[in-house]
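Below you'll find only one chain, the form predicted on its own, shown as structure tokens.
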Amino acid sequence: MNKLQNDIFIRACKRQSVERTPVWMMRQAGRYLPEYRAIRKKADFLTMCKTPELAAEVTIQPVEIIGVDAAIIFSDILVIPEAMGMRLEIREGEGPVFHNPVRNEDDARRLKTIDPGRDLKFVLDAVALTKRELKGNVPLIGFCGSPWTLLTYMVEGRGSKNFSRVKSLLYNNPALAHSILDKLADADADYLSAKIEAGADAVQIFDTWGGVLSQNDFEEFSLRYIEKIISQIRRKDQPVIVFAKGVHYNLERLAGAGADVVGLDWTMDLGEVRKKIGSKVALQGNLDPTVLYANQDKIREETRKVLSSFGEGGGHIFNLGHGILPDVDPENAKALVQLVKEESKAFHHRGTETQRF
């Protein structure tokens, strides 16, 4: 295994001393890059996910083109429910569609218990191949969707605005919801463990739809299962990141879930969050993704605001508050990465303690 030449992302995850703030972007391997679109013309999205050579190629593109400090494997959170037997289609302009959504006990009984080494071997092969081809240049991140976020797609059958079907399930048949969530948590933990074994240097749990739940429901139907996943991941010292979009409340509970890093969306005040939980976990985020539509002077101004909000010391990974948008100019993404690398040096001094505020 190649020794990491750039481990600044890993050190920041562990709140160790760093010379500058590391930077990467959610959805950085994607259609804002012309190089990605060139490959996408030859293969549909799921074919790219299931072809290790193509997944590795697009994973590495933003490292080489944009200059980020970490790669994240090109895949999709919905490969798990698909492996469980659900029929997944990714429709252009519409997103994911499950043709056999889970609505009752009979549907749930048809969900298979998966073996990642068998049912998701294409992802593990992509991780191993990408790790080799990165040659230790930067760390590789694996990821999964949280059980709650996966359940929303499995029950709704597609993206949703009001989540009426899945919330109806929670309120009318909570026992069934918990049964499926428990099964998904086990699958997620095994999947992330397999990715680590295949070579992933860190893993991230995406709870994209955690913020649509009430506070009590988030605790019961989401956080409980995130905690279960983290407790079951087989790892040595690989960091775990949790990103729960829209979950502003009870950050202390999120910080106590067992993750090393908590990701923040762009609506949160990074400095205030640091005061609450920065002594327990590293923080990741949290530039508004739409700032990348601005000119580079404005990008510089907003980048400085994020860095200043966190303040001096380690324990910060610069990222967007959600995924990079598909019509962003790649030159703006490059500029952002370079700005973070340059501007963040002023916030790091030799001997600065990570808990310093």
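Computed from a predicted structure; not experimentally measured. Residue positions are given as counts along the sequence shown, with the first one as 1.
Beyond the structure shown, there is the form predicted in complex with a small molecule, which is absent from this document and is the topic of what follows.
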property: Selected contact from 193, 208, 286, 238, since only one has a non-hydrogen atom within 4.5 angstroms of the small molecule in the predicted bound form; result: 208
property: Selected contact from 26, 66, 307, 291, since only one has a non-hydrogen atom within 4.5 angstroms of the small molecule in the predicted bound form; result: 26
property: Segment that reaches the small molecule in the predicted bound form - one of 27-35, 307-315, 327-335, 293-301, heavy atoms within 4.5 Å; result: 27-35
property: The small molecule contact at residue 85 in the predicted bound form, heavy atom, 4.5 Å; result: no
property: Any non-hydrogen atom of residue 181 within 4.5 angstroms of the small molecule in the predicted bound form; result: no
property: The small molecule contact at residue 74 in the predicted bound form, heavy atom, 4.5 Å; result: yes
property: Partner proximity in the predicted bound form: residue 218 to the small molecule, non-hydrogen atom cutoff 4.5 Å; result: no
property: Contact at 9, 52 and 131 by the small molecule in the predicted bound form, all three, heavy atom at most 4.5 Å; result: no
